[in-house]
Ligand code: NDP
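Here's a solo chain for you in structure tokens, the form predicted on its own.
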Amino acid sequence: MNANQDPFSLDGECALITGGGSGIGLAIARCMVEAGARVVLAGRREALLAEAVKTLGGAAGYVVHDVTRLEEAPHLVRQAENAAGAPVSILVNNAGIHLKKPAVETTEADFQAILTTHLCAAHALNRAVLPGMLKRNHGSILFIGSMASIFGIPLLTAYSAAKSGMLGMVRSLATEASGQGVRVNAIAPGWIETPMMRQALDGDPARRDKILSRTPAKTFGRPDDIGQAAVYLSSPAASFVTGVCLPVDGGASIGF
């Protein structure tokens, strides 16, 4: 890194962000654009992606893609690189689906759908971007984890299994790739003010109060809190950080 370079700058980087059309994914994209990166959003809903890119400006593009079509991961990476005019140097595995069911009602199909979206899709994309990153000796792979991988939350058996498995993938891949210039990390968001969270808590003041009572910061987080953490972990400032899961949670994971 040049001595005069901002250690938090992402100038020259190209980020592929799955599930980037809204919520946390869009916040990550916005913060990365502000840090100087080009970004390509991937998701299933074109209208949402197009609107997101409009808000991000000329440094952003999108590709319509379903991450569960595992065999199409290399094609997505090629499309993203064509859209950006640069090789993907940052991959953010953010796409996900949620399932809230008692374990005895969670079918094999339910369980497999969660694993496919969170784990198998991330693995397929990792395989697609890694050869280029390793060849260039430069890259950052980020996973968006969950509080469900840190402590037990009822009714989330499949989701917790997927997010916990993601941390194993982070650690293993970090030991494999970091010696060749590719860092691998995760972020575990706490309770973040998104439309999805508001929908989950509307009409459930007891749950809202319980969350805030165990969060030392006594507030919910903002999407940009996750976005700025993603910028840090992808930037030269974190050049010696790999294989970690960073909770961005107002202290919820250590609260009493």
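Residues carry their position along the shown sequence, with the first being 1. This structure is a prediction, so every number in the text was calculated from the model and none was measured.
One more form of this protein exists, namely the form predicted in complex with the ligand; it is left out here, but the text below deals with it.
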Tell me, which of 48, 59, 70, 212 has a heavy atom within 4.5 angstroms of the ligand in the model of the complex? 48
Tell me which of 100 to 108, 87 to 95, 129 to 137, 169 to 177 has residues with heavy atoms within 4.5 angstroms of the ligand in the model of the complex? 87 to 95
Quick check on residue 23: any heavy atom within 4.5 Å of the ligand in the model of the complex? yes
Considering non-hydrogen atoms and a 4.5 Å limit, does the ligand approach residue 208 in the model of the complex? no
Flag residue 157 as yes or no: does it have a non-hydrogen atom within 4.5 angstroms of any non-hydrogen atom of the ligand in the model of the complex? no
Does the ligand get within 4.5 angstroms of any non-hydrogen atom of residue 216 in the model of the complex? no
Using a 4.5 Å cut-off on any heavy atom, which residues of 182 to 201 would contact the ligand in the model of the complex? 189, 190, 191, 192, 194, 195, 196, 197
